[in-house]
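For reference, the chain that follows is the form predicted alone, supplied as structure tokens.
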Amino acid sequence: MRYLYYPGCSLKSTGKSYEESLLAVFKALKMDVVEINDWNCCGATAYMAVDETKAFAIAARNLALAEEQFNKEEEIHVIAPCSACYMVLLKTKMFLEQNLAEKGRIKNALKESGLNYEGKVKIRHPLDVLVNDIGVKEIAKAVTHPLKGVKVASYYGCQTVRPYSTFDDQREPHTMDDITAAIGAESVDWPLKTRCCGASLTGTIDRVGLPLSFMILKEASKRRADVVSTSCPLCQFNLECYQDNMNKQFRNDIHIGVVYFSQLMGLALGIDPKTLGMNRLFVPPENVYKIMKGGEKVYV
């Protein structure tokens, strides 16, 4: 199967290591993945508060571009790794299916720029594709360096399974945990895997956002996790880059690596850490490295 890849803004900037590791994993698994030509920002969540119709039109342009690029495919599968991008593109597709009058207006707007949208696009999250198309058995077969002994707290965040749950359970998602098992690591059983990290509030109204991120890391540490694994660029940024602020405000000493699930996959598949963007991390996952080298865990 061929896939189109929609990186979105984050994976070309602050979430660059997500793109690096994910594309490296796709290549290792021999997946046929091509980036959408001339893609634009999905609008994230801010656009909806400005003008809903224009927000949907901006997002729909990417869907139309996907159809144009794969115009011979009956169904086009677009992989959107960023949680916000995934949610926005999926929301746009569903909105256009359910609101025919607005769909007509948006299609007319797209025609002004030489594009057309017929609704052939299927929005996919990489967790969905890896678990349900490639399969955990095939992933396990490709593992050359199993992460045996590594305890992973899989953190899905808010938008991967909510408000839509097209491929996983909203309350007890498991796809990231399934991949964790496939690469030889151990999933931590914990209740905060879908709790909000504070999103943009962590960097804007920190008295609201920071405690939410701290609560997640505190629980992961309490459960003796060696690393937190996520699939959201904003979640990864909040949980990793504000640890010093959290420790100062809450008089604690939490230092735990927060990585993308694709980075752990890449390590297990034998891909060079730099290729996976591990060098970009502010908090290196020391316990993961120690276990891989046969050393002992060091908990704080």
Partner chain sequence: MDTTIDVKSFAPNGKQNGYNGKAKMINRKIKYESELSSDFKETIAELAHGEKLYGCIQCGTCSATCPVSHYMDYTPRKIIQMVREGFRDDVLKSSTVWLCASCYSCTVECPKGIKITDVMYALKREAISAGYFPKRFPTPVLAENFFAQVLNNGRNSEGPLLMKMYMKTNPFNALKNTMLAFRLWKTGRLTLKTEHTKDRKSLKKLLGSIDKQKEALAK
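Source: prediction; values computed, not measured. Numbering follows the first chain given and starts at 1.
What comes next is about the form predicted together with its partner chain, which is not displayed.
Asks: I need to confirm a contact call. Of Cys196, Leu90, Ala142, Val129, which residue comes within 4.5 Å of its partner chain in the model of the complex, counting heavy atoms only?
Replies: Of the candidates Cys196, Leu90, Ala142, Val129, Cys196 is the one lying within 4.5 Å of its partner chain in the model of the complex.
Asks: Just to be sure I understand the contacts: of Asn71, Thr166, Asn116, Gln170, which is the one whose heavy atoms reach within 4.5 angstroms of its partner chain in the model of the complex?
Replies: Contact residue from the list: Gln170.
Asks: Is the gap between Asn287 and its partner chain in the model of the complex 4.5 Å or less for some heavy atom pair?
Replies: Contact check for Asn287: no, nothing within 4.5 Å of its partner chain in the model of the complex.
Asks: Tell me, yes or no, whether Ser10 is in contact with its partner chain in the model of the complex, where a contact means a heavy atom of each within 4.5 Å.
Replies: Yes, contact at 4.5 Å.
Asks: Taking heavy atoms and a 4.5 Å cut-off, does Val34 contact its partner chain in the model of the complex?
Replies: No.
Asks: Any of the heavy atoms of Cys158 lying within 4.5 Å of its partner chain in the model of the complex?
Replies: Yes, Cys158 is a contact residue.
Asks: Only one of these stretches, 178 to 186, 71 to 79, 203 to 211, 121 to 129, has heavy atoms within 4.5 Å of its partner chain in the model of the complex; which one is it?
Replies: Correct option: 203 to 211.
Asks: Indicate whether the candidate residues Ile58, Arg162 and Cys241 are all in contact with its partner chain in the model of the complex, with contact defined as any heavy atom within 4.5 Å.
Replies: Every residue of the candidate spot has a heavy atom within 4.5 Å of its partner chain in the model of the complex.
Asks: So which residues in 267 to 283, when you check its partner chain in the model of the complex, have a heavy atom no farther than 4.5 Å from it?
Replies: Those in contact are Asn279, Arg280, Leu281, Phe282.
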